[in-house]
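Encoded as C-alpha cells, the following chain is the form predicted on its own, with no partner shown.
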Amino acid sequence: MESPASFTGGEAYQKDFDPTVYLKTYYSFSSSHCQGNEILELNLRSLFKIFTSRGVKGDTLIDIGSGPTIYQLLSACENFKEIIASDYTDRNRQELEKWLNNEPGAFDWTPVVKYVCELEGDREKWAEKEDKLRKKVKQVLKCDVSKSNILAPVSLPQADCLLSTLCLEAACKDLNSYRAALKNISSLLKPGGHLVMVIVLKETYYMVGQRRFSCLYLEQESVEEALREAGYDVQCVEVTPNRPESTFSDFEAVLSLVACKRPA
C-alpha cells in the first residue's frame, strides 16, 4: 500500500497533470482491442444501466471532479435538464471547455459517443447526442473536495444527483480525508437525491506519461461504510475485477454504485 508520503496532492495535479496525455492514454477508443477500451466500455455500460434502468433522473446533476472527460455524462445527459461540471485543475477545465465549445484541437470523443448511442439503441444519433450534451452543461467550475464548500466561491442550490467517477480516491490521501470529502460533496445534494460513483478498488497509483499519481487504496467495505457514515443508503453496487495487464495502474477492480441521501 502506498504511504501518504508519496501522496500527489492538488499542487502536483495543477503543475504536472497533462490532460492531453491522460486522454490519449486512457480514452483513445480504438477498434483494436486494448485494456483501456475494456475498462472504458465497462464504465460506459455501468453508467448506461444506472441512468436508464435505475431511474436516476431530475433537474440538475453536478459532476464532481470531471477531469478533462465527458464519457461519464453521455448517458446522464438524457435524464437531466442541466449539468454542472467541475474540476480542480485549470488545464482540465480548459480541455473540457474546448470540447464543449467545439474548438479545433479538442479531443475526439466520437467513437465513445457512438458506443453509448449503440447501447441506447441508435448508433446514428451520435451527433445529436454531442449537441445535447454541449447544450446541457451549463457551467464548468473549480472544485476542491477537501473544502466544506467544494465549489467556493460559487454556491449552488442542492442538486438532484451527484456524479463522481475516479475522483475521490485520487484526491484523498487517507481514509479520514476520504470520509471528509464524501461529507463535503454531500452538502451539494438534496435529501432523497442520488449519488452515483465509479471507483477503482485497491489501486495505489496510475501513470500519466512519465508522471506517477497516487491513489488511495480502497476496499469495497470501507467505501460502503464511509457512505453510510456520510448519510447514504447504498441502493446498488456492481464490482468488476480487472485483468492485471496494464502498466499504467495497479487497480484490482472497478466498483459502480448508486446511493440515496437519507433525509436529514
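Just so it is clear, the structure is predicted and the values come from calculations on it, not from any experiment. Note that residue numbering follows the sequence shown and begins at 1.
Note that the form predicted in complex with a small molecule isn't included here; everything after this is about it.
Stretch-level contact check against the small molecule in the predicted bound form with heavy atoms at 4.5 Å: of 187-195, 67-75, 152-160, 96-104, the positive one is 67-75. Checked against the small molecule in the predicted bound form, the residues Cys117, Leu133, Val145, Val140 give one hit for a heavy atom within 4.5 Å, which is Val145. Out of the listed residues Val113, Leu182, Leu166, Ile84, Leu166 is the one that sits within 4.5 Å of the small molecule in the predicted bound form by at least one heavy atom.
Residue contact check for Tyr88: one or more of its heavy atoms lie within 4.5 Å of the small molecule in the predicted bound form. Contact check for Phe251: no non-hydrogen atom falls within 4.5 Å of the small molecule in the predicted bound form. In the predicted bound form, at least one heavy atom of Tyr206 sits within 4.5 Å of a heavy atom of the small molecule. Put simply, Phe29 is far from the small molecule in the predicted bound form: not one heavy atom of it is within 4.5 Å.
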